[in-house]
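Below, in structure tokens: the form predicted alone, a single chain.
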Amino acid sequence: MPNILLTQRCVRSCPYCFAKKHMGGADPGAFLPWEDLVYLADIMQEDKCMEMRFLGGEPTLHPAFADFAAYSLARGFSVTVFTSGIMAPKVKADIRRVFETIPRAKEKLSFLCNINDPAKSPPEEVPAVEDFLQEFGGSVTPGFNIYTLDFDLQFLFEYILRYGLKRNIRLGITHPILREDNMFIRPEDMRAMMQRLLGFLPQFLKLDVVPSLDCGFPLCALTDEELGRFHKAARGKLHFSCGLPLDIGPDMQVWSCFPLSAINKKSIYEFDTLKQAGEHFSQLMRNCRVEAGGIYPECDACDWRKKQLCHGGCAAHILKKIDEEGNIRALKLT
């Protein structure tokens, strides 16, 4: 499932930003052109991939954002917008227009809003996010990126109740960015992070809110008993594998997920299909996993990893270690 970056401009400066390296080398004035959106829609439709996932930066900064969404909906795609929720009044008015004029837009257009803890956010950001949630809450899935061990999820439960958000919290874990400094959860802290997360399970169950784990969580950070409890809260939809998404930038460069965006970028035009692009980056990751099975030495012999039930954490940790060791490894990072 490709992620399409409409722009690389952002409205926030998060200390954990997984796109920091990529954004630092990007043209802040670049927007995805119309003809490239049409091309991507064509190849996605050919591959029977009928979900548009708009990212940034902040995708709603694109001057044609609402028209892109309307065009995609009219072609039969569902549209998911990854947003901070911080947007201009005109953009919100344009979104309302799409909901009012495009058939089934309320079913097929949704937002995944990555919300930072208000207590740790710049004061001017909080009312902007809350205004967005107030207006579009029924179409919003809240997301949260864990980057410190003292994180708090209570504000998300309150937002779900106050604004009628979807009862699902998409939980991401922050990873190192190759050749860049950012805040992230280190392998030695994974167990403590999961213990903190387990402390919120009673709230998830009481309020009928489903926790969804993004990729990079290691299965061994939970005991069998804890895994059973988490599995129940997640309604059986729990995974510890790497989804290996394709990210496509406004310049039509493609790579495999932001933490790895510093290496091995290609042009989407080098591939005939999205499947072919996916196979290319999957092979790159297989090569990486040959160098190191996972983020712990024990990953090499782990039965869970051999059975593909856990991929051993995010490959960003592995690539960072290989890069820091210098040219003593077979894998070349370019």
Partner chain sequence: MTQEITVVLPFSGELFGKVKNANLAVQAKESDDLGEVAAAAQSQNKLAAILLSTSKLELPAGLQPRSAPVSLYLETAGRFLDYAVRVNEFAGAPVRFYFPATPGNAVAVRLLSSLGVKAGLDLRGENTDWDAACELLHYDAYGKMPHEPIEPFASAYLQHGSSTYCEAYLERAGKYVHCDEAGNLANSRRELADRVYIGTLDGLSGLDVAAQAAAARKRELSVFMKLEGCSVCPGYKVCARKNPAQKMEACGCKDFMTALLEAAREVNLRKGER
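Residue numbers count along the first chain shown, from 1. The structure presented is a predicted model; accordingly, all values stated were derived computationally and were not measured.
The protein also exists as the form predicted in complex with the partner chain; that form is not presented, and the subsequent description refers to it.
Enquirer: Go through 90 to 98, 129 to 137, 109 to 117, 157 to 165 and give me the stretch that gets within 4.5 Å of the partner chain in the model of the complex, heavy atoms only.
Expert: Looking at the partner contacts, the answer comes out as 90 to 98.
Enquirer: I'd like to check something about A233: if you look in the model of the complex, is any of its heavy atoms closer than or equal to 4.5 Å to a heavy atom of the partner chain?
Expert: Because no heavy atom of A233 falls inside 4.5 Å of the partner chain in the model of the complex, the answer is no.
Enquirer: Heavy atoms within 4.5 Å of the partner chain in the model of the complex: does L284 have any?
Expert: Contact with the partner chain, no.
Enquirer: With a 4.5 Å heavy atom cut-off, would you call L213 a contact of the partner chain in the model of the complex?
Expert: No, L213 stays farther than 4.5 Å from the partner chain in the model of the complex.
Enquirer: Please tell me whether any heavy atom belonging to C302 falls inside 4.5 Å of a heavy atom of the partner chain, as the geometry stands in the model of the complex.
Expert: No, C302 is distant from the partner.
Enquirer: Taking the partner chain in the model of the complex, would F151, D189 and M193 all count as contacting it (heavy atom within 4.5 Å)?
Expert: Result no, not one residue of the spot touches the partner chain.
Enquirer: Just to confirm, with a 4.5 Å cut-off on non-hydrogen atoms, which of E35, E51, E279, E298 contacts the partner chain in the model of the complex?
Expert: Filtering the options by heavy-atom distance leaves E35.
Enquirer: Residue by residue through 48 to 75, which ones have a non-hydrogen atom no more than 4.5 angstroms from the partner chain in the model of the complex?
Expert: Result: A66, D67, A70, Y71, A74, R75.
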